[in-house]
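One chain comes next, on its own, written out as structure tokens in the form predicted on its own.
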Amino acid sequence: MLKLETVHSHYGQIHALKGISLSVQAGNICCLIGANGAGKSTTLMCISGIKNISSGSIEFEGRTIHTLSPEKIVGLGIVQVPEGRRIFPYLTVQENLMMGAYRCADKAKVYETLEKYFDIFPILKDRNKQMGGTLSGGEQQMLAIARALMGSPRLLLLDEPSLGLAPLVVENIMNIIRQIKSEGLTILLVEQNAQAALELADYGYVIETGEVVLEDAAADLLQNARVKEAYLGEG
């Protein structure tokens, strides 16, 4: 579904991505793991069109997208949940969710979709009139994911969904991602919690200083000695 071929990207003189190549198969969860500053979030922003690439190519279902604007990329069905959640703090939960469906003119369908995700995220239904900024960190993360899903994406880009959350909340978030995947959605997951990401994903890439240094089936990466030592805290 998605293919990056030798993608380079810069922030001024800083060479952030140094020839990233990866692919995501339809219906799978693919994860990118690596240390902070490795280039994981930059990779997602390049896919979304938020960050320009210096060279290389990005294709979605065989179509070149790195020359498109972010809004056109969203129109193709690629939606990103940004790091740090970025919900609208002074809008209610329901207003935040409706913002995710801004491209859909069919109001009946929008409200049908809203009810669907209220079923998946019952805490959001309970808090639907509450301001987004008053939610807990875990609730805001659920809101950010549900807002993205309101846009009926075909490829969901998830950037650090477990960041700053308590272990029980992380487990809940990961279970929700697993449920979403079971409905056929393709997901590209960026996550510093390598254990959680690899247990969830079908395939994984390890990024270090802007380069892919390792790739394999997620189950095999969990058993990889290099991954265990560097990212799973095992000697």
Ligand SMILES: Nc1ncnc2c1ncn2[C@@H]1O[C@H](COP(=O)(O)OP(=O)(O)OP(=O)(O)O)[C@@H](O)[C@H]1O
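Just count from 1 along the sequence shown to find any residue number. Since the model is a prediction, treat every value here as computed from it, not as a measurement.
Note that the form predicted in complex with the named molecule isn't included here; everything after this is about it.
Trainee: May I ask you to state whether A35 is within 4.5 Å of the named molecule in the predicted complex, using heavy atom distances?
Mentor: Taking the distances in the predicted complex, the answer for A35 is yes, it comes within 4.5 Å of the named molecule.
Trainee: Test of understanding: in the predicted complex, would A16 fall inside 4.5 Å of the named molecule by heavy atoms?
Mentor: A16: yes, in contact with the named molecule in the predicted complex.
Trainee: Would E139 show up as a contact with the named molecule in the predicted complex if we use heavy atoms at 4.5 Å?
Mentor: No - in the predicted complex, heavy atoms of E139 and the named molecule never come within 4.5 Å of each other.
Trainee: Indicate whether the named molecule has at least one heavy atom within 4.5 Å of a heavy atom of G204 in the predicted complex.
Mentor: So G204 does not count as contacting the named molecule.
Trainee: Hey, of 38-46, 174-182, 23-31, 53-61, which bit sits against the named molecule in the predicted complex at 4.5 Å between non-hydrogen atoms?
Mentor: One stretch meets the cut-off, namely 38-46.
Trainee: Taking the named molecule in the predicted complex, which residues along 149-180 bring a heavy atom to within 4.5 Å of it?
Mentor: Heavy-atom contacts to the named molecule in the predicted complex: only E160.
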